[in-house]
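As a starting point, one isolated chain is supplied in structure tokens, in the form predicted alone.
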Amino acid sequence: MSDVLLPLLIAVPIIAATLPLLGGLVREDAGWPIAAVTTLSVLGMALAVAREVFAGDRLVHALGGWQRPYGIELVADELSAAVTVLVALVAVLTLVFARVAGPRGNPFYAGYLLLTGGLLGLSLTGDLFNMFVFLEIVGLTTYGLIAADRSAASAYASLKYLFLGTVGASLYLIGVGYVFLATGSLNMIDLQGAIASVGYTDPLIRASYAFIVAGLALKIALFPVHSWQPDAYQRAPDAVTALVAALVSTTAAYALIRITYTVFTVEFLAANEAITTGLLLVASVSIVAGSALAAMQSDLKRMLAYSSVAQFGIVVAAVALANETALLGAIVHLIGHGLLKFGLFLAVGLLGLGYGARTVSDLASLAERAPFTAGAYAVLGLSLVGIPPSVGFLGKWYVALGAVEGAGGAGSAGPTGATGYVVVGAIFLSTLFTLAYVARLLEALYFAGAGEAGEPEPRPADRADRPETASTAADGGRERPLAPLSDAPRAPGVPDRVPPASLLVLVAVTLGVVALGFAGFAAAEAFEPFLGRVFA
């Protein structure tokens, strides 16, 4: 009966999303406890599913008892279970920060729970059209959450994301329509055999994959269709940015891996080298361009947004390489980057909450006044570069190794030859650019303004972003300011001027990022059944 947990993982947060609005009729602060209980329950179920899956029991649930190819299936294997745990864990940790940083209001918590349910559905569905439904749930709720503070800048960023996200969803749906015309099925497992029967070089099959990839590229924010991401990450409230940056593009990249290897399979990639070569080149450009643009930024959130363009380029390149080592790297990098980027945006949010730091120059010698927050930020930044031991290094290592193997033609169904070395060169250049902007952050944190006495007051430009003046999502039709910074609780003896619970979350995430860097052999063993099915 463990498969019953799969629909519950999706249904519980979606149904619970109505409760903050209903509870708001009685209490203005009903949203947070409802969201906390719901997400903790979801995390427990996700861990139970993951434990069973990694013990060797792949879970499949046919909704309503209707079997494929007509029914809709929910599937939990090693890949989907790992993404499900990541979604549930980040959802819980985000609540800790949102309680003090905002947005507040019952509509925010309703949207937050709906987004969580959509992300879980996207991770567990075994049906292409159902995946489109969950992509739309994720997109619509993300648009609303980005504009949760009701500022003009966030509304513009949300509208921009809305336009581009709608284009991406439309392209994806066209691709699904083409594969349905060619095969008459939408179930992912059933499509494996159907596509093989039609032929991997059939024009409809090729067009279907091209449209699906183009649509997901917009959702992932690959260069040059990335322009929504910097504005959305910069303008959204800090807690929303941490949640969206960790999960939304991550689940879209998961969808690309799932569709490529479960639906179209490695045989399709081997039969269409022009498609995979083109995807590799686009991903390589995204890797370099994203890192170069990040190095040019002074706004902290915008810098990390561009870095995501590069990091997801690495994942997409690994998908196109089509060998076992590269795919393992894609999975490790996908999960590790989600946790890593959550930690980085949490650190940026805490520095903004405690010190009004929004740009690189605002970080001047903050390490002296915020040693724990700055230390965690520094460690996470070095992990982004790929300094071992960290999960940032582990993912890049496997992808680069897979690219070298592909260049030599060893066990690769995708392009071989010089294209693999192009990916390795792109990762190397990206690492240099990442080192450049992370070094700027470290220099500002630990050396800029060293020896200056006193604690400078935030500049007027910073005050607009400080929590004591920021507005939040509507609560019963009224905007409510966040609690003044001076009211935030402080742990005895801790010099960081940030909420201790959020600081504890940041430290735990940082330790997790480092610990996962030691998990290379464990990751290979854990995902070996999935990789074995893909490359059987």
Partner chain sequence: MSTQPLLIDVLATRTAYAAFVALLCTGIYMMIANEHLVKKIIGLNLFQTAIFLFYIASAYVDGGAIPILSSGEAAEGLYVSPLPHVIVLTAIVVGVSLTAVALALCIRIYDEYGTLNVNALRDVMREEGTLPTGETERLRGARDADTDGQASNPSAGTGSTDAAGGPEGGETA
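Numbering follows the first chain given and starts at 1. The model shown is predicted, which means the values in this text are computed figures rather than measured ones.
What follows is about the form predicted together with the partner chain, which we do not show.
In the predicted complex, every residue of the candidate spot (129, 133 and 155) has a heavy atom lying within 4.5 Å of the partner chain. In the predicted complex, residue 371 stays away from the partner chain, with no heavy atom inside 4.5 Å. At the 4.5 Å threshold, heavy atoms of residue 276 stay clear of the partner chain in the predicted complex, well away from it. By the criterion of a heavy atom within 4.5 Å, residue 180 is counted among the residues contacting the partner chain in the predicted complex.
When contacts are judged by a 4.5 Å heavy atom cut-off, residue 143 counts as touching the partner chain in the predicted complex. This chain is displayed alone, yet in the predicted complex one of 227, 365, 166, 192 has a heavy atom within 4.5 Å of the partner chain; that residue is 166. When the partner chain is considered in the predicted complex, only one residue from 302, 206, 333, 258 comes within 4.5 Å through any heavy atom, namely 302.
Only one listed stretch (167-175, 380-388, 315-323, 423-431) carries heavy atoms within 4.5 Å of the partner chain in the predicted complex, and that stretch is 167-175.
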